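Below you will find one chain, with nothing else, as structure tokens; this is the form predicted alone, and questions on how it binds or moves follow later.
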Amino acid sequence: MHTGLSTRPRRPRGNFHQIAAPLLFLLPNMLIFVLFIIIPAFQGLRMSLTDWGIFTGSRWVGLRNFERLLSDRVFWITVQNTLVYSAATVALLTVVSLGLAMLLHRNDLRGEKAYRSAFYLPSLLSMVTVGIAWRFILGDEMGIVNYILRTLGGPGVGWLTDGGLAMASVIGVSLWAQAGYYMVIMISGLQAIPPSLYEAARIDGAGRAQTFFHITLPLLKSTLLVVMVLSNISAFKAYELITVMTGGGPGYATKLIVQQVYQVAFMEDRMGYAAAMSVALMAIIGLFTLVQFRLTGKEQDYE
């Protein structure tokens, strides 16, 4: 007999511990995120539409700051340098950290914990410390490398004073300082792959190359994406290392957008124009991250 009442089961409602308690635990982080990320981001966007300085006050100019960016030669030089530095750093960090992880993720390797610690140790140092140390190593007159070269009868090399070599040196030092950190992430991804897949591939007669390209890489896709996105963001906001090692020089050879934003904002007192540069930097980072997501594609499910 049809009573007209719905027979669809009612969705159970969670109690306090299931709903309110998790929200209360998330509340402090959400407040910090809103206060120190969301609100400053909107304030920076508003500031980019003004001609504002600490000593000159604020004046609304609309999109005029972004129009000036289009004809700012120094800004586009820093954009080019940032793209070169980011592309090279992300590619090298991904390849080198994966290679180190492939070598050191096996528990049967003798001394593997010591090797992991040795490669991870540089990532614990501050970039200021790393920059000072490598400036003593690669410096022109007092640098250890050039001292050895001159002792052997060769000429010194302008590691930090030649434009091309300075950028290559900065990229190399960044790789040395950060590869160990991303190696740990790669190792965690490798250890999550079921060993039974490798055993089955070995039984089927698959070689190392086939196993790597058909099992390891596909199952590491999400880990690779994490490494690429994190290293990309880190490369775009690199400041301390380059400032200490080269100061953005020689000329503008190693000057990135972040260094230019600092100079315009705090040395030239053009806060509004610097905010416009920051908004442009945020857009570039977002575009690069989107491209990385597109290149990696959707994560495949392997049973």
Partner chain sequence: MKKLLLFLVILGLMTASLGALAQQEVTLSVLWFNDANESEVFEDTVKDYLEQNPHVKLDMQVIAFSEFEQKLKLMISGGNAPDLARLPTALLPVFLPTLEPVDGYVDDIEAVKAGFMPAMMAYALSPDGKMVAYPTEATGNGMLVNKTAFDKAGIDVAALSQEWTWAQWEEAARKVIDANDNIKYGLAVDFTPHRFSTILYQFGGRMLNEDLTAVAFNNPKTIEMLSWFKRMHDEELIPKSVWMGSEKANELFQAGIAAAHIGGSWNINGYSKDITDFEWMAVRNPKGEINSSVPGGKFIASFQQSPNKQEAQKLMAWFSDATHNAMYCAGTFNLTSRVDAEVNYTANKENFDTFAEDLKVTPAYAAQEWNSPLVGKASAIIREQVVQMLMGNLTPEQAAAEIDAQAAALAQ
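Keep in mind it's a predicted model, so treat the numbers as computed, not measured. Residue numbers count along the first chain shown, from 1.
Heads up, the form predicted together with its partner chain isn't pictured, but that's what we're talking about next.
Residue 267 is the only one of 27, 35, 267, 70 with a heavy atom lying within 4.5 Å of its partner chain in the model of the complex. In the model of the complex, residue 263 approaches its partner chain with a heavy atom inside 4.5 Å. Residue 210 falls outside the set of residues with a heavy atom inside 4.5 Å of its partner chain in the model of the complex.
Of the heavy atoms in residue 199, none are within 4.5 Å of its partner chain in the model of the complex. Though the partner is left out of this view, residue 140 does reach within 4.5 Å of its partner chain in the model of the complex, counting heavy atoms only. Annotated contacts: 116, 180 and 182 are all free of its partner chain in the model of the complex [non-hydrogen atom within 4.5 angstroms]. The stretch among 39 to 47, 230 to 238, 274 to 282, 245 to 253 whose residues place heavy atoms within 4.5 Å of its partner chain in the model of the complex is 245 to 253. Of the residues in 148 to 164, those that come within 4.5 Å of its partner chain in the model of the complex through at least one heavy atom are, in sequence order, 150, 160, 161, 163.
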